[in-house]
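Given as structure tokens, the chain that follows is alone and in the form predicted alone.
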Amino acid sequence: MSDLVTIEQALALVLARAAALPAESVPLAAAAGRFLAEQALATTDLPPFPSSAMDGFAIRSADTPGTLEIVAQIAAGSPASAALEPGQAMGISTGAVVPDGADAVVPIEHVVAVANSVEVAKAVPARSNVRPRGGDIRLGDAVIAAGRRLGVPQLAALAATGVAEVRCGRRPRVTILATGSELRRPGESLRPGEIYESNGLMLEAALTAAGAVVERLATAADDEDAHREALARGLAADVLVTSGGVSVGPHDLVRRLEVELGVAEIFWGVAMRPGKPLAFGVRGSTLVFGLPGNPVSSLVGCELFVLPAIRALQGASSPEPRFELATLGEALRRSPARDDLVRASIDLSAGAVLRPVVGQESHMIARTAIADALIHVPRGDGELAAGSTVRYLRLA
């Protein structure tokens, strides 16, 4: 494919090939951040019995107002007591079983208790402060649909409904390879012409947070044998992500060697800035992403294409980039031929206003440290005026 594809076209091509991996059983305690492969069903009614919403007294509404004999105390976790008879009341704790015969709970602060009796001054409506059995969810109902990511609320809901194990999409195995003879590890001394390698660490952090199991290979020097050996190893994973070596210079070896190794290139070049020289291909079921070497270009390509693929492989129902809406703080010029992704900070003091950071060149990764977001500036003529509503992608 010789022409540049749009962001939308590129994402569609990637997701069309990112089929969900097989499911596996996962203990609930180890399922944080995983994606459900099958809907999870409640193993019990919730609550599993009529329970009190207050500390107070279980009563019969028909006995109020009036003075009632206190015949028992019911603590949370205790089995159901004997049935409540007319003219009686039972002290009850929040969450305790409401006894048969009682149809309401009056809060302790609304009564006067003297010795073995309690005076209820006003009529108490039936069902007051009683949580009905199954009022939250019923046995066998779906707690969470397939394709949802399990965060804190989802884990709490599953635990409360008795689910001990869930079926989740397998976490994809990802290999990351940074290329370039000029790259050195942080902490090493730099010689003339050398720079510190940051893309591998950046990509590893992003992909691990998205659920991938990541292996980061040693940096490959600009040598065909070194590249070929590293690429062959990386192609054994579910996903291979390379950084650098995908442009058109004499040392850009990645694309050519991948073809030799059996990778079918789906597209090369996306109509966006930064990140235009981005490649995507497949070998069998392995997805192969070639990200540019410029750090910001690599970051943008990862956010727009690699992370959605990682989510799709785990069975996410909505793996696409999660764009939000906010107000643009200053005007931005549009390009007629490409989409721009502009780094910005989110000014919450002004009500979620996006303010572009100074320095938007693709090598300026240090400037990105103060950025919270990528503003999507769609291709077109003119400019986006300050005050416009724009889409942005939040940077974790």
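What you see is a predicted model, and the numbers here were worked out from it, not measured in a lab. Numbers for residues come from their place in the sequence shown, where the first is 1.
This next part talks about the form predicted in complex with adenosine monophosphate, which is not shown.
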Assert contact residue (adenosine monophosphate, in the predicted bound form, non-hydrogen atom within 4.5 Å, options 93, 286, 198, 208) equals 198
Between the options 316, 168, 302, 183, which residue brings a heavy atom to within 4.5 Å of adenosine monophosphate in the predicted bound form?
183
In the predicted bound form, which of the stretches 107-115, 304-312, 189-197, 129-137 has residues with heavy atoms within 4.5 Å of adenosine monophosphate?
189-197
Looking at the partner-bound form in the predicted bound form, is residue 294 within 4.5 Å of adenosine monophosphate by any heavy atom?
yes
Contact label in the predicted bound form: residue 252 to adenosine monophosphate, heavy atom within 4.5 Å
yes
Does the 4.5 Å heavy atom contact test between residue 290 and adenosine monophosphate in the predicted bound form come out positive?
no
Is residue 178 near adenosine monophosphate? Define near as a heavy atom within 4.5 Å, in the predicted bound form.
yes
